[in-house]
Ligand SMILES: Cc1cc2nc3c(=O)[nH]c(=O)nc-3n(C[C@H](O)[C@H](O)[C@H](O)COP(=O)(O)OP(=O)(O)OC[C@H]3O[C@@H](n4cnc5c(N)ncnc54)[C@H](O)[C@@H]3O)c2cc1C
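Before any questions on how it binds or moves, here is one chain, the form predicted on its own, in structure tokens.
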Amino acid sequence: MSASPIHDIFVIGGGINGCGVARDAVGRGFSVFLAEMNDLASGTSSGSTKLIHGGLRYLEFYEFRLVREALMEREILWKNAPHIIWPMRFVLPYAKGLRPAWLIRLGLFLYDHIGGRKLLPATRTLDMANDPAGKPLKPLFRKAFEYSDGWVNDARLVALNARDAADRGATIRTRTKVVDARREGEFWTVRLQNTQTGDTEEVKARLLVNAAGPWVDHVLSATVGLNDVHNVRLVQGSHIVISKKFDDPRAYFFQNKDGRIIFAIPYEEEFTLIGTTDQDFSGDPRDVKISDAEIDYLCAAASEYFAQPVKRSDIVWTYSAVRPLYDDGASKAQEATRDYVLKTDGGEGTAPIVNTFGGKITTYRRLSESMLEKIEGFLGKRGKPWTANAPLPGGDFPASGFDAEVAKLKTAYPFLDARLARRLTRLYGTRARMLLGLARSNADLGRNFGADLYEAEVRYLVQNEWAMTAEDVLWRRTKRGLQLSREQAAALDEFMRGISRRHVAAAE
């Protein structure tokens, strides 16, 4: 078992909050060590509805502070990551007998005006008989409201925060489980185990950040040994992906008769994403999967609106995640707050811990800033808040300049077809050039595993983004899993196992 220097901060959890905190902290001059027991974004952070949004429906539950903060973050995040975040217009059909039109208008007025909107277009009313957005829907929807929010590639947002944190000096360890953490006066001694090799080590830190998502209470009780373990309400959210249901680039916001809402969103060019559900969850979050009842619910809810019903046979993929909402005592899962809560323990001679409960992907950067305020209360101030004006890796081009960036990549690498150039820019932004290197033809990119996923891209993800398995590549770093056959995925898996074996041999 090897010793290590004392770090300022040890972060448990490689989701969006953990990686966001690590990036902010190391950028202010703190030394940071982050451990994730699985892959980056392997839990809640890759199972979202992929939206950067204020949360229109949260206004019904008087979450005005949360909505305002989230609305303000939309354009900040878009500016800093225009390759993986972009504006999207949402069409909310008016359905008689549900929320009255005046209430929707009031909500959208607030949405337009309380969040400092500058670049995103304002709300407008649509005549569905004449607007293209009405074509896929049943003719009974005569009017709709169109408003702005944003889309995000959630798993890549996590990976890019981790990459930037590492580039600034943070230690990022995936497949590394925190076995236990014990206080020794003013320091923490954290025992780690590599889940692939079984090797263990100890790391010392002045402060512990518990950003374990659905496992946050488990970390407190089983790992740290504290007894306050009833902080979060675990809520399952599931989604279905079907073959492309409509050609319009806009998304839909559908109200349901039970008061809940779902979205239908253009997804990965050839598909439509429908979700989410809200139901309480018990058990191990690693075992979460969509239920038959959730599939039936999403199909039925979408079929209330689409002229052609959504059937089980349309589904090409499903995914589920457990959201660790702060337990505010709400009677229904969909009414539980989406706001984040930070709680501290220790200090004054006792090693401190800061726990994060709840939150949403849109406000991760603000959560990180709030976390740093807590950390600085224990460790003292270092640098100033900085992430609002700092592009994420690959995002160093104008927010409105995505198409121009694609054209630049095509000019630099004329052999790329337009679709691949666009896909690489969407995933990697300006760092697509690092991936492509000196390539002058498709042959220079190495083996094609299918769907234009070349060996060069796989090796880039292994070397730069902690990808270790085919699942990491196909379902988190890219979504090529939607395109590859089972045989192609197996071939990629075997290739990556070979890379891993060579890495281990080189390390030994």
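Just count from 1 along the sequence shown to find any residue number. These figures come from a predicted structure and were not determined experimentally.
There is another form of the same protein, the form predicted in complex with this ligand; it is not shown, and what comes next is about it.
Undergrad: Going by a heavy atom distance of 4.5 Å, is Lys50 a contact of this ligand in the model of the complex?
TA: Contact check for Lys50: yes, within 4.5 Å of this ligand in the model of the complex.
Undergrad: Is Gly43 a contact residue for this ligand in the model of the complex, using a 4.5 Å heavy atom cut-off?
TA: Although this ligand is absent here, Gly43 would touch it in the model of the complex, with heavy atoms inside 4.5 Å.
Undergrad: State yes or no: in the model of the complex, is some non-hydrogen atom of His239 no more than 4.5 angstroms from a non-hydrogen atom of this ligand?
TA: Yes, contact at 4.5 Å.
Undergrad: Taking this ligand as it sits in the model of the complex, is Trp215 near enough to touch it, meaning that at least one heavy atom pair lies within 4.5 angstroms?
TA: Yes, Trp215 sits close enough to this ligand in the model of the complex that at least one of its heavy atoms falls within 4.5 Å.
Undergrad: Could you check which residue among Asn153, Asn355, Thr276, Ser368 gets a heavy atom within 4.5 Å of this ligand in the model of the complex?
TA: Spelling it out, the residue with a heavy atom inside the cut-off is Thr276.
Undergrad: Report the residue, out of Val322, Leu392, Ala302, Leu207, that has at least one non-hydrogen atom within 4.5 angstroms of this ligand in the model of the complex.
TA: Contact check passes for Val322.
Undergrad: Residues in which of 170-178, 115-123, 251-259, 130-138 have heavy atoms within 4.5 Å of this ligand in the model of the complex?
TA: In the other structure, the partner sits against 170-178.
Undergrad: Taking heavy atoms and a 4.5 Å limit, what residues of 357-373 are near this ligand in the model of the complex?
TA: Result: Gly359, Lys360, Ile361, Thr362.
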